[in-house]
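Okay, here we've got a single chain as structure tokens, the form predicted on its own, with questions on binding and movement later.
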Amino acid sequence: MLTADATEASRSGARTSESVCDQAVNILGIGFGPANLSLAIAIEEWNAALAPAERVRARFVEQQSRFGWHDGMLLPGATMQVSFLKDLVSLRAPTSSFTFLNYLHERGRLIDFVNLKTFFPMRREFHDYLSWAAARIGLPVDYGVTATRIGCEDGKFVADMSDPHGAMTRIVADSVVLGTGIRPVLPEGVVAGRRVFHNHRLLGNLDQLPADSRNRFLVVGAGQSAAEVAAYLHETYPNAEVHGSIRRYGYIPSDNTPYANRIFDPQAVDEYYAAPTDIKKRLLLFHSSTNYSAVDADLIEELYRREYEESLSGSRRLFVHRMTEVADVREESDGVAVVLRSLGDGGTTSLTVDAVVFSTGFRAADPRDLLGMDFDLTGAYEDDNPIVARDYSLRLPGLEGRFFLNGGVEHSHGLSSSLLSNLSVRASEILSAAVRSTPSSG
């Protein structure tokens, strides 16, 4: 175990004498976002009931220099789309000290939150809750450390790490849990730049624009993030034009009705996993409006109201270009030249804007980017999708431990696999499977 001083140095990204040597752990977590944070809490609470010699030895590494979760989209007034009861622990252990309710109690806001009469906290507050939980973790967490390769030696995983200063670290682990989250996606041919960027870095990129270059924006996308960005830009820059490009005829409301929300229940994972492939695809299609390219109805009505009121006054600032796609985007020193093409008649509209924000979604990280040549991945993938066991493990030959995917397995485990809804239950399942496969756990 690390001393308190060594743990603090690890958290801050400083290198300790231990951190530059080979280390041996039962579980190595790569990435420290909400998914692996929930796992770390589960490990700590598991260990609390055990003698020191029987405890699970775990370590986590995180590429970011500090804890953060979609910092660039912490927009004022934006709320969560998931109940606070689906926090890091409550569905697994509602009496845990890591619940959102205990966070509110410690922050002195419990009664005030109750008076809000809502299940959906503000996104900034939930981010603060996650940061509060991350700061309470006693397990070693190395920030500013990047996993570069995972190999295999003597039946163990061997992970190579690097920090921003070029120092290398090697960690030997019985099991590895990949929780590196999702990656932003830009349309094919679009290159990110100072004025062209994905919405997940919205706030930071806006701050970097020249003060006189915040007068005209284009937001591409039809989902919740796109609508939130359009509303935020429209409010924050009262003299700016905001253009939205969507492939549909209009924004579509998200389905958050009770029966539809059962797709996110823990038991739904069993049902989805056992279903034939064609049924899985059908379920994803049926319930896509619970999560993809869908917007809260209240926000849709607010945007429409603004556009309508501006049409009455004759002073238009908000424009929604329906049934369009970006045909060309060219970043220049003083702006971005964009061509929108109609999906109906093929006609084009040219715009010159100060920035283009692509709210075009995310995709899961590919484990093959980390796994080295030591592993035979024959039969481990089908159509670029990993073949994952019910316990979230990608079975690799020659190892007693397992390689777990803590997220990004929608094709096999359903819609909740990359969302907050099932974090705590999934963490418990991964921990139980890892402990069973750890040689020293018996």
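For every residue, the number given is its place in the sequence shown, counted from 1. Just so it is clear, the model here is predicted, and its values are computed rather than measured.
The discussion below concerns the form predicted in complex with a small molecule, not included here.
- Residues placing heavy atoms within 4.5 Å of the small molecule in the predicted complex fall in a single listed stretch, namely 62 to 70, out of 43 to 51, 371 to 379, 62 to 70, 384 to 392.
- Checked against the small molecule in the predicted complex, the residues 183, 194, 282, 109 give one hit for a heavy atom within 4.5 Å, which is 183.
- Of the candidates 319, 273, 362, 286, 362 is the one whose heavy atoms come within 4.5 Å of the small molecule in the predicted complex; the others do not.
- Using a 4.5 Å heavy atom cutoff, none of 205, 219 and 326 lies near the small molecule in the predicted complex.
- Using a 4.5 angstroms limit between non-hydrogen atoms, residue 213 is distant from the small molecule in the predicted complex.
- Using a 4.5 Å cutoff between non-hydrogen atoms, residue 424 does not count as a contact of the small molecule in the predicted complex.
- In the predicted complex, the small molecule sits beyond 4.5 Å of every heavy atom of residue 23.
- Contact between residue 403 and the small molecule in the predicted complex is not found at the 4.5 Å heavy atom cutoff.
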